[in-house]
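Here's a solo chain for you in structure tokens, the form predicted alone.
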């Protein structure tokens, strides 16, 4: 109702994706800015942070964040909605990546490849990953808590080991180098020239578009589609059943919720999201070994959910961009500080205390080429940052960044009153 945004007169109105006009307008503006971000337009150039993130050096980082958002949305359905702790998300991403490689890649003397177009290999990556998830799910869903986490953790090591077998090398390629993955070019079938090339620069309307900008737009569109699908799943009968199982599984079964069936559905949907994200991730990289789909990657998705806000689509997106952009932000900030170590004033003193350029310096962050042990380099500090943030958010703000935003929003809604 007008001027009463939190007053709902029906359940349908309350479950809308954007229940108020303010949210509808903000969502439309956000999507418009997102798709215009890579281009140097007057309206975008007036926004400093947006123009900064749309720079060519940031396009790959943003594209990776879109892919990880798709994977995190899938894990959120399993862990955030159904309450099933999984540490095997990287395994299902690997299944999707190598399914896409076999279905869409080119065959050589050492690896398999069928050469199908993207509209075949990308859905196939999700379907095969979902099928593997449904095969594993009957065993996994009978477990709870730490036992389920350990079982799914074992999948990661099984996947890496299988990639090193003689048959696995026909799929994953050399254990140290990996194999070539198909790009995002759109073909009708197997013709030489693609219908839409996303791997080369071209001209659209009156301006030139680089391959990085094309991939950015393609992945941003996919992320928006998967976010809408994930939100609608949470609003559906299935989503409500999963949340009932998460909150009190015995009570949910008493009310008629088929726990086994809905946990299978959660595993299948989560694996499908992971498979698609894995194929996109491998396609963006072009070439990577199977060890990239490791335990650390699974932990990274747990960090995304905990830092952003588990159980919410908005929180997952916030956590994804925070976790994926933070390392680049830290790297850029460290590089900026390293250029000011010799300056006089507070900035120079701060840079000198924080950075270490050799054995004689005592700063905690090393900018030297080889940095064994202490002080740690920027990459190691980013790993430490993940652990610290997980601990801090679990203790002080279990709802993550989304919870902080809710508190901030509620404060200004009731301001200047404190009750």
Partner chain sequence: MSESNQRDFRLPKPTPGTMFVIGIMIPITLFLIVQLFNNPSTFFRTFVQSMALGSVYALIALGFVLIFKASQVVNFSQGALAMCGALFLSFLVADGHIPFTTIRNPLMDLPGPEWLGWFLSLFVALFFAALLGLVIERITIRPMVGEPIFAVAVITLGLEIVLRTFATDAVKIQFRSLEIPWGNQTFSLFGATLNWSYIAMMITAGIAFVAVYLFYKTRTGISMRAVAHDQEAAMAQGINVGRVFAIAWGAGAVLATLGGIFSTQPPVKQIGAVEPDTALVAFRALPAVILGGLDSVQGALVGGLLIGAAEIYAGQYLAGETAWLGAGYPVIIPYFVMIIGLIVRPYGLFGTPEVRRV
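Positions refer to the first chain, counted from 1. Just so it is clear, the model here is predicted, and its values are computed rather than measured.
The next section is about a form of this same protein that is not shown, the form predicted together with the partner chain.
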Checklist outcome for this item: Only one of 210-218, 223-231, 322-330, 298-306 has residues with a heavy atom within 4.5 Å of the partner chain in the predicted complex, and that stretch is 298-306
Next on the checklist: Can you tell me whether residue 339 touches the partner chain? I mean in the predicted complex, with a 4.5 angstroms heavy atom cut-off.
Outcome noted: no
Checklist entry - Can any non-hydrogen atom of residue 204 be found within 4.5 angstroms of the partner chain in the predicted complex? => result no
Next on the checklist: Within 4.5 Å, heavy atoms only: does residue 164 come near the partner chain in the predicted complex?
Outcome noted: yes
Next on the checklist: Residue-level contact is defined here as any heavy atom of the residue lying within 4.5 Å of the partner chain in the predicted complex; does residue 61 satisfy this criterion?
Outcome noted: no
Item to check | Among the candidates 347, 285, 134, 139, the residue which, in the predicted complex, approaches the partner chain to within 4.5 Å (heavy atoms) | outcome: 139
Checklist outcome for this item: The one option of 26, 394, 32, 41 with any heavy atom within 4.5 Å of the partner chain in the predicted complex is 394
Item to check | Heavy atom distance at most 4.5 Å to the partner chain in the predicted complex, all of 87, 253 and 381 | outcome: yes
Checklist entry - Quick one: which residues from 142-165 get a non-hydrogen atom within 4.5 Å of the partner chain in the predicted complex? => result 142, 143, 144, 146, 147, 150, 151, 153, 154, 157, 158, 161, 164, 165
